[in-house]
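One chain follows as structure tokens, the form predicted alone.
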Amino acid sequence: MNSERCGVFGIYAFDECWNVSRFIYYGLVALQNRGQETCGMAVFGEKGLKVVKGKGLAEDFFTEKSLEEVKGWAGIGHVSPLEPHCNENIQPVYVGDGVRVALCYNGKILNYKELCEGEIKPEEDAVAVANLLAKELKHSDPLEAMESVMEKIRGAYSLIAFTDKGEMIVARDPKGIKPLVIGSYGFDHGAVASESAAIDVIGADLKADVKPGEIYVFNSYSIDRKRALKDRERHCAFEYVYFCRPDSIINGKSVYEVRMKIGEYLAEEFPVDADVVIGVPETAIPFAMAYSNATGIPIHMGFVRSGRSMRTAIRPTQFERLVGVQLKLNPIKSAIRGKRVVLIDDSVVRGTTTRNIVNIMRNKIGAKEVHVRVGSSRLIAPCPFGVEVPGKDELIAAHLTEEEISKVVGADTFAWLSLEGMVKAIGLPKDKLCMGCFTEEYPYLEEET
């Protein structure tokens, strides 16, 4: 699965003696689970707004020298799992004449082609939104300008922009599909991030979620905020199952607690007589722990990771997905050989990774039985809001029954968590969740039909 589940981060120190470039760096490192292909930051200081960005992991791309060159007391940053064709489109993008704006966002603008004249590529949607905001800022204050932009754009987004006048503008789409939280040092709300874990990592305190449709504007003297647009909330369910770090809290819900609930419901819905429970690192580990607790089947460590955490499901090619699995997951043979194994994974998209893992466990190591349990519901449809789920023709759940999938991946049994179980585990009302990947019913789009 490729994805535009990017990570955004912003910080405003309100005191020129601060240098926030390292805070942004550590915030981006904390969000690398959301993007490993490009990174960048824009920092505002004595010499104005300076942007540095490029390809690779944040912890590799930024150096002591590059962080020293972008000193300042406020700024924004971005990580992405996508590599644009043009380096200028790596976020934060930096555009405008008269008023210059750096902008980064997580999500997808559905009507980006309507925002500018001439041809525009999908990867240039951030440029289109930044240009629109720069244009509005020529005749409006930042709060009014952002409100006007939100009235024109349609889609899922959590964005942070920074002007060359030293103003940081934060906004979340009216349905709150993408997560965005705000934190503080002391009394002042000064840090914003896609996930609360990034707020924790820089030593700030999580204060709240940025409300759907809400705008924050920071300048040297004040913070203004406004709930500009109101709509029915529809938070992305997949953030809880797969995207977010387990130590994050989004929309008031602990991701770790949701994942433990998922494991409990999996055990309730699909118990099996087995010798050992093994979770596929890393997202499925809480699922496996809770499944073990609920069934009494011992949990064992089944794999050891080689190298850094790498999202094999979001690697762009079949070769990389296959090699990625073998590189990152080396099985512990003594935990598997001769055992009846419950293998718990977070999601199954094409079935490639699962088939590879089951094959290693059964045919190379000698597992007696392998029963696959998946901590998400059946993934049957693409996502129009930036999570680039493959086309429906590639989604194994869209075409095969659980019995058929178990034969394809070589497992004894195979089961997905039910949709009802997933909703109960998240703990939010079903009508406040976006579950288009599981139901083919999408907010915004369903309103047009």
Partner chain sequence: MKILLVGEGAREHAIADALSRSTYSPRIFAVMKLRNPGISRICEETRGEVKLGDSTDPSFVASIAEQFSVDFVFIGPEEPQFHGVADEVENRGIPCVGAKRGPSEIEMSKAFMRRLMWKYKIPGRLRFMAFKNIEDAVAYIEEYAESIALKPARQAGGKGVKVIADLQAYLKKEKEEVKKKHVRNIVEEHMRPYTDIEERILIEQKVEGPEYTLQCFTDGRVVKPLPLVQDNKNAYEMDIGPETGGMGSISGPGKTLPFISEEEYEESVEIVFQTVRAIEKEVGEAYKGIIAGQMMLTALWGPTIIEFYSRFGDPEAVNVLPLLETDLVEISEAIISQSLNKVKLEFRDSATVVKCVAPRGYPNRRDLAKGHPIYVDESKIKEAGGRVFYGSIDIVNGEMITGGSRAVEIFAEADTIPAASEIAEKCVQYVTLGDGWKLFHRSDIGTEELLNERIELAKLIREIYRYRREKNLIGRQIDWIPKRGRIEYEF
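Note that the coordinates shown come from a computational prediction; the quantities given were computed from them, not determined experimentally. Residue numbers count along the first chain shown, from 1.
Another form exists, predicted in complex with the partner chain; not displayed. Remarks below refer to it.
*Asks:* Does each of Glu136, His139 and Phe162 have at least one heavy atom within 4.5 Å of the partner chain in the predicted bound form?
*Replies:* Heavy-atom distance to the partner chain in the predicted bound form: none of the three under 4.5 Å.
*Asks:* With a 4.5 Å heavy atom cut-off, would you call Asp15 a contact of the partner chain in the predicted bound form?
*Replies:* Yes.
*Asks:* Does any part of Asp224 reach within 4.5 Å of the partner chain in the predicted bound form? Heavy atoms only, please.
*Replies:* Yes, Asp224 lies within 4.5 Å of the partner chain in the predicted bound form.
*Asks:* Is the gap between Asn356 and the partner chain in the predicted bound form 4.5 Å or less for some heavy atom pair?
*Replies:* The answer is no: Asn356 has no heavy atom within 4.5 Å of the partner chain.
*Asks:* Evaluate Ser184 for contact with the partner chain in the predicted bound form, applying a 4.5 angstroms cut-off between non-hydrogen atoms, and reply yes or no.
*Replies:* Yes, Ser184 lies within 4.5 Å of the partner chain in the predicted bound form.
*Asks:* Go through 279-287, 370-378, 230-238, 202-210 and give me the stretch that gets within 4.5 Å of the partner chain in the predicted bound form, heavy atoms only.
*Replies:* Going by heavy atoms within 4.5 Å, the stretch is 202-210.
*Asks:* Just give me the single entry in Asp188, Glu269, Asp273, Asp247 that has a non-hydrogen atom within 4.5 angstroms of the partner chain in the predicted bound form.
*Replies:* It is Asp188 that has a heavy atom within 4.5 Å of the partner.
*Asks:* By the heavy atom within 4.5 Å rule, which residue out of Tyr216, Tyr94, Tyr242, Tyr157 makes contact with the partner chain in the predicted bound form?
*Replies:* Only one option qualifies, and that one is Tyr216.
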